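In structure tokens, the next block holds one chain alone, the form predicted alone.
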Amino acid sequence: MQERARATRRSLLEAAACLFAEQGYAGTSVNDISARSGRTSGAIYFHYASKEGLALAVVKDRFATWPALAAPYTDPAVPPLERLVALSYEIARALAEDTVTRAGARLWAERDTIDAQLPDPFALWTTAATRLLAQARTTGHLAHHVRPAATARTLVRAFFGLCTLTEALEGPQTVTDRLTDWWGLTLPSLQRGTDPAEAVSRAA
């Protein structure tokens, strides 16, 4: 793809993401995206075919690639549970600060109103969390009663609910603080033989 075309696609995606994050899918029109981006509606249809296609592109650009954030957290010198906590902070910051990630999360929550099959990021993310919990068991850091797969599934869903509800009630600026509170309650039930407060402090 030529550089000019790539720049056009990117400007359209970022303009749409800003509007989707602010107004939601139903509240955003193609004309709104055209006005925000400074591009014609024809450019939108040429590059993305429809508003649904643009919404799908926004979700794929950030929100659906959360599992890729796990790649930097493979250092065997860092305890697996610390890596899991650090990953959660990275995702929470993206949800709070990155417009495209925020738009992707809102679009996924509104997926029933969108005539497109949006990708589900939670299965791959749960797999990444399961792997880290299994590694914690191997290294002796995981409590005996914890089952990695079931626990990962619960943690991922609880985390997303925490971020969503915190933003709705208090705003995105408090998400990391509430995440610290949450891990302070959650880590003691997962860990064996280390100080939960110390682990949260290092990861945050």
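In this text, all values refer to a predicted model and were calculated from it rather than measured experimentally. Heads up: residue numbers just count along the shown sequence, starting at 1.
Separately, the form predicted in complex with a further copy of the same chain exists; it is not shown, and the next lines address it.
Look at 29-37, 44-52, 150-158, 57-65: in the predicted complex, residues with non-hydrogen atoms within 4.5 angstroms of a further copy of the same chain sit in 150-158. Mapping the unseen interface onto this chain, S11 falls outside it, with no heavy atom inside 4.5 Å of a further copy of the same chain in the predicted complex.
Residue contact check for D120: one or more of its heavy atoms lie within 4.5 Å of a further copy of the same chain in the predicted complex. Residue contact check for R178: one or more of its heavy atoms lie within 4.5 Å of a further copy of the same chain in the predicted complex.
By the criterion of a heavy atom within 4.5 Å, Y89 is excluded from the residues contacting a further copy of the same chain in the predicted complex. Along 165-179, these residues reach a heavy atom to within 4.5 Å of a further copy of the same chain in the predicted complex: L165, T166, A168, L169, E170, R178.
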